[in-house]
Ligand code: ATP
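Single chain ahead, written as structure tokens, the form predicted on its own.
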């Protein structure tokens, strides 16, 4: 017997429990062996302005179905240029799985207008249809009549009755923007991802104001850093603002420190070393002899001497963003973590680190330090004393909470 494969597409901005319920009902009705969830790049039947990034929607889909081995999340439509026509998607998976029994999943409203779709007859030839009804008896009858009128072979159009799920992605976005909590409609991992990335949050007037205020700093990092590194700095600044707002720190200071934390990263090593040796904050012998660590203390000196920044919290946050220290301020912790969870990070445990970051600052710092120390030991790198002091501090705080 050939494998039964279902294609479940949508904007998924964000994906919610209603989407999961519909996917499960479709899989159950048709006896699907595998379900492929396909976030759209540009939905051809929707006005797509204001979508969060493709990567964010893709990641939320992965999180929402992470516990189901039979589900695969595909970036096929996102990688394609132009609008996400269903014909192209069905054709791709028909060619990818030539021996499978293919089904395309859609809502009742989509089936009723199916004849207006691009090359709908070819879609019907390549795949069966699973149409999800909202549960009204007259709606089911209308869908079944429509299925018959399409001239599809018996069993190729399946009408599935589902219970109404009174939520939409639009309502969830609006709830976040208005300060409400729509978490009950979302997978908990998706909620944590949304919060950690600051998705759907309204733009605060204050944040907009100080971002304009420091536009010169953004131009500076563009001029002295590679495009990738400059974007990382912006991402860290944005992540730092979100963490600052969550943990009661000054978001403006967080933005400045995050934006400038790597300002010296791509200076010649000898220039970095020169600045390191002028740093008025303690510098260990390990740091004086480890080139990858130069840029943090060098940056602290640079922003004070060249940019005239006198705020001790900002200077210390830049200074300790790679190694930490025993008496690390809340702002310094935020920059340390923002550097690890910024939007461009894609290391193995970054999802876990993002979850920790929005749950507890102290827990996140301990996990981040464990990660950093393990990495250094694995590479046989020397470890500064200040990093060990930092680790010991957060271990002690953790044990105090347990007691």
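Each form is matched to the other, and the largest set of C-alpha atoms that superpose within 1.5 Å is called the rigid core. Numbering follows the first chain given and starts at 1. Values in this document were obtained by computation on a predicted structure and should not be read as measured data.
Missing here is the form predicted together with the ligand; even so, the following discussion is about that form.
Not one of 4, 27 and 77 places a heavy atom within 4.5 Å of the ligand in the predicted bound form. For the chain shown alone, residue 189 is not a contact residue for the ligand in the predicted bound form, no non-hydrogen atom being within 4.5 angstroms. Contact annotation: residue 384 falls outside 4.5 Å of the ligand in the predicted bound form, judged by heavy atom distances. At a distance threshold of 4.5 angstroms between non-hydrogen atoms, residue 322 is out of contact with the ligand in the predicted bound form. In the predicted bound form, the ligand sits beyond 4.5 Å of every heavy atom of residue 226. When you look in the predicted bound form, the only residue of 276, 328, 160, 106 with a non-hydrogen atom within 4.5 Å of the ligand is 106.
Proximity to the ligand in the predicted bound form, defined as a heavy atom within 4.5 Å, holds among 132, 303, 264, 127 only for 132. Between 142 to 150, 278 to 286, 218 to 226, 160 to 168, the stretch whose residues reach within 4.5 angstroms of the ligand in the predicted bound form through a non-hydrogen atom is 160 to 168. Of the residues in 61 to 81, none comes within 4.5 Å of the ligand in the predicted bound form through any heavy atom. Comparing the forms between the shown form and the other one, the C-alpha position of residue 291 differs by less than 2 angstroms, with the core used for superposition. Once both forms are fitted on their core, a CA shift of 2 Å or more is seen for residue 168 between the shown form and the other one. Superposed on the core, the two forms barely differ at residue 389: its CA moves less than 2 Å between the shown form and the other one. In comparison with the shown form, the Cα-Cα distance of residue 237 and residue 57 increases by at least 3 angstroms in the predicted bound form. By 3 Å or more, the C-alpha separation between residue 362 and residue 186 grows in the predicted bound form relative to the form shown here.
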